[in-house]
Each structure stands twice: as C-alpha cells, then as structure tokens.
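To begin, one chain is listed below as structure tokens, in the form predicted on its own.
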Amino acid sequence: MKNKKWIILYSLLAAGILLAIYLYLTANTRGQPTFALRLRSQRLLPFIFVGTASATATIIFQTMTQNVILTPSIIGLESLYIFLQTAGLFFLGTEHWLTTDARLNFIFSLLMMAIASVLLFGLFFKIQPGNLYLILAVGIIMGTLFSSLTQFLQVIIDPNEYDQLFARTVASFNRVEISLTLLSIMVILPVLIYLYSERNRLDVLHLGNPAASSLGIEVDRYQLVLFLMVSLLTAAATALVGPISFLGFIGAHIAYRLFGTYRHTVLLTGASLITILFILVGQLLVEHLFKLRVTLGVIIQFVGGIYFLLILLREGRGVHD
C-alpha cells in the first residue's frame, strides 16, 4: 500500500517539475523565445543539482545526528564561505586572480570548506570518538567566529569592493555562473552516487549507533566518511549559488511528512524532487511576479525561517503535552 502511495507522490512531483520547467522556459519571453530558451535552459542543471545536493546533505546529516531539525549549516560552512569571500576581497583586492576567476574561486572555496570539515571532525574523531554533539557545538562556535570576523572586515572594506562582495555572498539563482556548472557536477554527482549506494547502511545507521554497531557498522569511521560527503555537497552548492541554509531543510522535512518513512531510498529521491520543484516555482515567482526585485535566496530564507519556527513551536507543544 505504501509503495503505491510513494509512486503516486513521485508521479505528482515529477509532473509538477515538468510543468514548472515548461513554464520557466516559455513564460514571458518578450518576443524572443530562442534567446530566452537558451539563457534559461542553462540554469536548469544548476537548479537540479543544487536542489538534490541540498536535500541529500540535509537528510544524511539528520540521520547522523538523529535529529530532524538540524541542518549542515550548523557546522558553520556557509559562514566560512562568506568569510573566505570577504577576506579574499579585503586582502587581495578586486584585481587578484583568486577574485576575478570564478572557477579558481570556486575550487579554492570548495577545498577550504572541505578541509575545514575534515579537520573539525577528524580532530575530535581522534580526541573523543563518537561525541558528535561536541563537534556540532564547536562548529556553531566556529560559525559564530567566522560571522564576527566577516562583519568586522565588511565594516572597514572599500564600498566599491563591498558591492561586489554583496553580490557573491547573497544566495541568488539569477546569476549562476554557467562555467561553474560542470565543476559542481564533477563534485556533486560522485557523492550522490556513493550515498545512494549506501542507502541500506544508512537505514541501519538511523536505528541508532548501538544498533548499527551491533549489526557490523564501524560507526565512528562511517560517520567520518558521511561527514565529508555532507561537507562536499554543502560546499559545492554554497560555492555555486551562495548560502542557502533552509533549502535542504524544507525539502527534507516535507519529505518526512509526505512519505511517512525513514527509508533512505524513498527519502533521498522524494526530498530531491520536492527541493527541485521549490527552486523552480520560487524562480518563476522571482522573475515574473517580483520582477527580479528580490532573489530566490531571500524567499528561501523567509519561507524556511517561518517553517522552522512553526516546527519548533509544534515540537515544543508536543513535549509539554
């Protein structure tokens, strides 16, 4: 019975995505359908891969932490990304190759965020293996530190450089660098393939660390690998379109509600479809309702923030009841 329900939901989501793609490609072309089609079609792959990466990273992270409210942004990767962009412009200026070449900037930001994640988890993996919440606490502290340093540099940075910095550090799907699409796919696709191949072990991990250990999974080392995979997905998505804290959270939590299961085969696919649909509908609103006066990143943060607060309030009522 559940399988039939899941197939119906997949079909509806896929139909919604196809309809949204059609509307996105053809709506309001202003008499230049060929130009509009060529320009908009180039953004579809980034939409799909960013949505899939965000949803997948969030579900895997929530499985690791046994908490459906936490997201990968809690470890401070997005704060680190904004700090790297700010520090690069502040210390190197706008003419340096690291700030002018989008591909080199993407690779550098990706490497730095991945290295920071490995150091964070690897250090505590050696000192206190299994204490994941200590790692999360340190991640929150480091994220706050990077945010404070970023604000300090932004206060004293040259106003002209700040305009360029603002464009880089505010999430926007309008100005996706097409040259970065292939680079991001080269990072995201292998990670997605690996995580989907691990779906059965992830189901076991969701039962809890003691149960997973008794069933033959070396939990600490497995979490280290998963932590790196989550970091790569989050870093690639952030470096491509900017900070998108709540995007994966929205898709993941709606998938939990719609599909009513914790099987990763179902959740990873369902959450990815939901997130992609959300991006497409949101971009339609940005371009045709709001006339590009706001970015999709603003909509994601607004809707995601309200949704997050509603979940917290409902969970709080459930605890008191």
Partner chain sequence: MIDVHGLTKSYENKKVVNQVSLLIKKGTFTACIGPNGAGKSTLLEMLGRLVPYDEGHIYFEGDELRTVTRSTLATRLSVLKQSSQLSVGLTVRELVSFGRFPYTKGKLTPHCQAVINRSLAYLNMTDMQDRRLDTLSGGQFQRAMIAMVLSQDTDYILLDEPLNNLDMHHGVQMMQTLQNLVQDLGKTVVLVVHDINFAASYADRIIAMKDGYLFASGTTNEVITESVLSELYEMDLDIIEKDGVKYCFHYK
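Residue numbers count along the first chain shown, from 1. Values in this document were obtained by computation on a predicted structure and should not be read as measured data.
Not pictured, yet referred to below: the form predicted in complex with its partner chain.
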Would you mind picking out the stretch of 106 to 114, 69 to 77, 196 to 204, 134 to 142 that comes within 4.5 angstroms of its partner chain in the predicted complex, counting non-hydrogen atoms?
196 to 204
Distance check, K2 to its partner chain in the predicted complex, heavy atom within 4.5 Å
yes
How about V191 - does it come within 4.5 Å of its partner chain in the predicted complex, if we only consider non-hydrogen atoms?
no
Residue-level contact is defined here as any heavy atom of the residue lying within 4.5 Å of its partner chain in the predicted complex; does E218 satisfy this criterion?
yes
Would S147 sit within 4.5 Å of its partner chain in the predicted complex, counting heavy atoms only?
no
Note which of Q164, N174, S179, S214 lies within 4.5 Å of its partner chain in the predicted complex, where distance is taken over heavy atoms; exactly one does.
S214
Determine the residues of 260 to 274 with a heavy atom within 4.5 Å of its partner chain in the predicted complex and present them in sequence order; the list may be empty.
Y262, R263
